[in-house]
Each structure stands twice: as C-alpha cells, then as structure tokens.
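Read the single chain below, which is given as structure tokens and is the form predicted alone.
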C-alpha cells in the first residue's frame, strides 16, 4: 500500500488550549496506482484534515500513517532523520485556493519551481513545465504570462501543473472544481481522469458535488464528524438510508432515472453513471 492509515486520530487545539477532535480512529489503505477516489462529507467532517495527513502536512496525534514506507506518528515527529520532502514529492497536494501555490512572476517559473527545488536541472524543469501545461489543457503561450492575471479556472490548472511537474505517484485535490461553471467543471474533471488513465496515477478528489462522485469515482470515502463511515463503490452509496443518514444530495442522473422508472412503470437494470448509460438502459427496459 502506498498510504496506510492505522487507527489515526487528530486533534486541533484552539486558542484556549481546548481540543477539537477532527479525525477519530481512521483505518484506510490507498494504492499507488489504479484508484480514482472521491472524498466527501459535510463541512467540518474532517475531509481536508484527512487529505493533509496523506502527504504528512499534518502529523497524527493518535495512531500512524505509513506513506511509501515512511512512518509518520506523534512519537516520531522529533526524529531528525525523518525526511518529509521525498514524501511530498510522491504525494502531491493541490489546495482548494490556487493562490496558495502561485507566487512566481511567470507561469513557467511557477511550474518549474517544485522540480528545481527537488534537484532537477533547470533545463529538465523547463521541459516538464512545457509538458504539464499541455496536460492540464493550456498551451505554451501561458508559460510567459503572470499567474496573477489568469482566470480562476486557469489558476487552478496552473497549480495542478506545478504539482504534476514534480511527478508525484498520487495526486490529492481539495475542492478543485469549486467556483467553476458546469462547463469548466466538466473540462477539469476530464483532465483529472486523463491524468489518472494516461499517467497511471491514483487521484483523490475532495468534493461536495455528487455528480462528480457518481460519474467519475471508482471508490468513495465518506467522512462524518471525524469518522470514516463509508469506503466503497459510488453505485452502492446512494441508498435512501445513506442519503438520509449522511445528508447526501442525490446525483442528477439518479434523480432522472428514478423519475423515468416511476413515470413509465419500468425497472432499469444495471449501472447508469452518465447520460449515455441511461439512454441505453432505458432502451433495453422498453424492448
């Protein structure tokens, strides 16, 4: 396993020294390749805290996280031999707000910064910048532009390119489509899925969008009040019991499917995770 959580707990301290339990007894495994995971839950459920443990930005207050063989724990926090940079090269974390990761004068310099910081030559870093700007759906003309003059969607793409340039094995994205219109959201999600498929990387996306969860995810993690309450397939997630207990929105495609079944008095068999699937299954049910 690339990332292994063993009974992990994490407690934040407020200014008065009082503790707030953000994670409780989390046990979880994530593979190096082959996974497209969505991480969901209500605001304050522990999603971002969990993600920040995946590349050792946070250290557990209870339990252990093993990241590519390196043990991260409260006891080992003061170990002078503990090297975190190699971990953060293998597990790239893209923050919700791209401004947190953009600071150079040009897009090209921003993308090349991470690789150079990890010892890659300037020439190789520039080549990676050219490659990654194309992978995220922008052209090389952006490399000479200021990142601060870009649109919100373009900034998100540049911040993703900067993480990809470090060639991580696992890509973790915190609310990458927030604030985007449906067209921009779909375009960016296709980029993530292509990265997952073409570059053979595990992708973990924190999201509130159940349409994203149902259409793209191979695996869903549901957080509630610091606990991991579901780890499984999206097609099994949206039962009426789960929707009620965990306050989930039902994906649009499932709403349409259920309305058609009720209206036509038919039962649609099999998975319908997008419009094409649904149309095909309706045709089969009407034969």
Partner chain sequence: MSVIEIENVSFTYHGDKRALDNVSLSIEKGEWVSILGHNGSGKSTLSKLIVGLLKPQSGTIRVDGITLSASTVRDIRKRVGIVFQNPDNQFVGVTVRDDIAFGLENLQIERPEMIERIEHYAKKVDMYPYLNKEPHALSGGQKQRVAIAGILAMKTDVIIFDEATAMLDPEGRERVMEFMRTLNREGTTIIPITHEMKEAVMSDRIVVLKDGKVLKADKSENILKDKETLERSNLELLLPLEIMHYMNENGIDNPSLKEFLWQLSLNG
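Residue numbers count along the first chain shown, from 1. As the structure is a prediction and not an experimental result, all values here were calculated from the model. Heads up, when I say rigid core I mean the largest set of C-alphas that superpose within 1.5 Å between the two forms.
One more form of this protein should be noted, the form predicted together with the partner chain, which is absent from this view; the next part is about it.
Colleague: Considering non-hydrogen atoms and a 4.5 Å limit, does the partner chain approach residue 86 in the model of the complex?
Modeller: No.
Colleague: Would residue 240 show up as a contact with the partner chain in the model of the complex if we use heavy atoms at 4.5 Å?
Modeller: Output for residue 240 is no: heavy atoms all beyond 4.5 Å of the partner chain.
Colleague: Although the partner isn't part of this model, could you tell me whether residue 185 comes within 4.5 Å of the partner chain in the model of the complex, counting any heavy atom of the residue?
Modeller: Close contact exists here: in the model of the complex, residue 185 approaches the partner chain to within 4.5 Å, heavy atoms only.
Colleague: Indicate whether residue 208 is a 4.5 Å heavy atom neighbour of the partner chain in the model of the complex.
Modeller: Contact check for residue 208: yes, within 4.5 Å of the partner chain in the model of the complex.
Colleague: Between the partner chain and 99, 179 and 286, in the model of the complex, does every residue show a non-hydrogen atom at 4.5 Å or closer?
Modeller: Contact check passed for all of 99, 179 and 286.
Colleague: Only one of 197, 117, 121, 151 gets a heavy atom within 4.5 Å of the partner chain in the model of the complex. Which one?
Modeller: Result of the distance check: 151.
Colleague: Within 4.5 Å of the partner chain in the model of the complex, heavy atoms considered, which of 167, 104, 140, 175?
Modeller: When the partner chain is considered in the model of the complex, the option within 4.5 Å is 175.
Colleague: Based on heavy atom distances of at most 4.5 Å to the partner chain in the model of the complex, which listed stretch, 158-166, 185-193, 86-94, 105-113, is the contact stretch?
Modeller: Of the options, only 185-193 has residues within 4.5 Å of the partner.
Colleague: Which residues within 243-265 place at least one heavy atom within 4.5 Å of the partner chain in the model of the complex?
Modeller: Counting only heavy atoms within 4.5 Å of the partner chain in the model of the complex, the contacting residues of 243-265 are 247, 248, 249, 252, 253, 255, 256, 259, 260, 263, 264.
Colleague: Core-aligned, does residue 18 move its Cα 2 Å or more between this form and the one not shown?
Modeller: No, shifts by less than 2 Å.
Colleague: So, does residue 202 move by 2 Å or more at the CA between this form and the one not shown, with the core held fixed?
Modeller: No, residue 202 moves less than 2 Å.
Colleague: Relative to the superposed rigid core, does the CA atom of residue 89 travel 2 Å or more between this form and the one not shown?
Modeller: No; residue 89 is a residue whose C-alpha shifts by less than 2 Å between this form and the one not shown when the cores are overlaid.
Colleague: Compare the CA separation of residue 194 and residue 157 in the model of the complex with the one in the displayed structure, and answer closer or farther (the difference is at least 3 Å).
Modeller: Compared with the form shown here, the C-alpha atoms of residue 194 and residue 157 sit farther apart in the model of the complex, by 3 Å or more.
Colleague: Residue 152 and residue 194: their C-alpha distance differs by 3 angstroms or more in the model of the complex. Do they come closer or move farther apart compared with the shown form?
Modeller: Between the C-alphas of residue 194 and residue 152, the gap widens in the model of the complex (3 Å or more compared with this form).
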